[in-house]
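Single chain ahead, by itself, as structure tokens, in the form predicted alone.
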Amino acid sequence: MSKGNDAVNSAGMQRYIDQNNKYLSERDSYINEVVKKWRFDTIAVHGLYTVTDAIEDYQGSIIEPIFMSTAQAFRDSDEMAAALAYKIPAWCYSRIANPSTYYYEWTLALLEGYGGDVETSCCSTSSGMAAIMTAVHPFLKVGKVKTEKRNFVATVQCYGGTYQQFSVRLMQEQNVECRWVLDATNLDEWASKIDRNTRFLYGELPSNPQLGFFDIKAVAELAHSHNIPLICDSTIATPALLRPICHGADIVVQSATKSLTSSGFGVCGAVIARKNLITNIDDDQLKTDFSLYIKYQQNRDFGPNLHPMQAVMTLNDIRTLRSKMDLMSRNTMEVALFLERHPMIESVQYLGLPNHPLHELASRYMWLVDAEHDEQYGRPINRYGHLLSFCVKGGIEKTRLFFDGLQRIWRATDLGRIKSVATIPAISTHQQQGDEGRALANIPPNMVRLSVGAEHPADIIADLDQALHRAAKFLS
């Protein structure tokens, strides 16, 4: 808002500003002196929702209320003016903010920053794709030179929707060049694609569906040496196994639809950012608190807001995130070992397998959070997530016969569910990418993506085994 606007800067506003500055100071003290001393599970269960909040504001409700209201009423014109000028925290209109999304955002911000000496904040979005758009768009502003050729560098091994957003929505429609990195472990390849017009680096890890990975710390240092940020999609790992911001990344995007929301009750996303991030964009507000910047400016105008009911349903799923990711990771390891030995399987892509070429690199980053403080383990434990992919011998025909023969595993494009779900990426999630795009990303037509759930692994294996035998029998 412009300074000197008498309609906004009335003397009566100061009372509300002072009251809310006191509230913000008390909240920051509570975060730093209390919440940041909790273990991961405690933060996941409680976030910033307190007994005081419940009793004073929400009639004692022990669960965060769902605020099914479009707007907030104000005491008077001074409070309204202060809220709409963003001088005091308020939720004014649910396209901008809502109490339900507030608690969701703070929980994710604290979990992504857990264990790191870093301040984080979060902006909720209506989906994972909205989170990606929200995260990258501010860095693609047209500069003073209107003909400037903007570009960014990204891992080609990524979700099919990400590939489409970058290659079609940005490259073809916005004339913003995406420079694909084919081997994300090759730091020289990353470096060779950066020039003075590069706005950010972007990487997905572990990637969907190939389980690609890269050295976060090294790529972040490379980005910062060019005064640009590193954005990571950490959807598959979740903060229970990997927190890229703690290793130097500036921004994390989450398709919370997936692993964070294991129930599968809805679609949602989030952008989590470190404060005072590094960028060559000359905008102090963007640098200081990126999440607040996109919430109050870009997303206010574009409107990819998260529904309050979905925010609380996702928040409820997050409360048991660590134990679920541990269980599903252990199940997935058993399934991967079975598939690796099966005569009908050409190859298995799972970072937990000791012979996987990226196993050592992934093992440096992917740990079950707080395992060393857990009675069950009492030491650091590697966990590699619930997603794997494998290639069936005999090409697409045998692959489809196997896929159609599954009886307990669901055939769907979903992942991260408490139930096991499989798909063939070439005909589903990455179909629009085309043959050439899939070849670049190493997605052959006989690849099956399997998201392993919380069923007993013996039952998952039995279903895979009978479907593989079915395929072998029909084509023998």
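Note that residue numbering begins at 1 and tracks the sequence as displayed. Quick caveat, the model's predicted, so the values are computed rather than measured.
In what follows, reference is made to the form predicted in complex with a small molecule, a form of this protein that is not presented.
Checked against the small molecule in the model of the complex, the residues 332, 235, 261, 98 give one hit for a heavy atom within 4.5 Å, which is 235.
159 is the sole member of 139, 159, 403, 365 with a non-hydrogen atom within 4.5 Å of the small molecule in the model of the complex. Contact between residue 257 and the small molecule in the model of the complex is found at the 4.5 Å heavy atom cutoff.
Taking the partner from elsewhere, residue 127 is found to have a heavy atom lying within 4.5 Å of the small molecule in the model of the complex. Contact annotation: residue 204 falls within 4.5 Å of the small molecule in the model of the complex, judged by heavy atom distances. Contact annotation: residue 267 falls within 4.5 Å of the small molecule in the model of the complex, judged by heavy atom distances. Picking from 309-317, 249-257, 343-351, 90-98 the stretch near the small molecule in the model of the complex, with a 4.5 Å limit on heavy atoms, gives 249-257. Looking at the small molecule in the model of the complex, residues 132, 208 and 415 each place a heavy atom within 4.5 Å of it.
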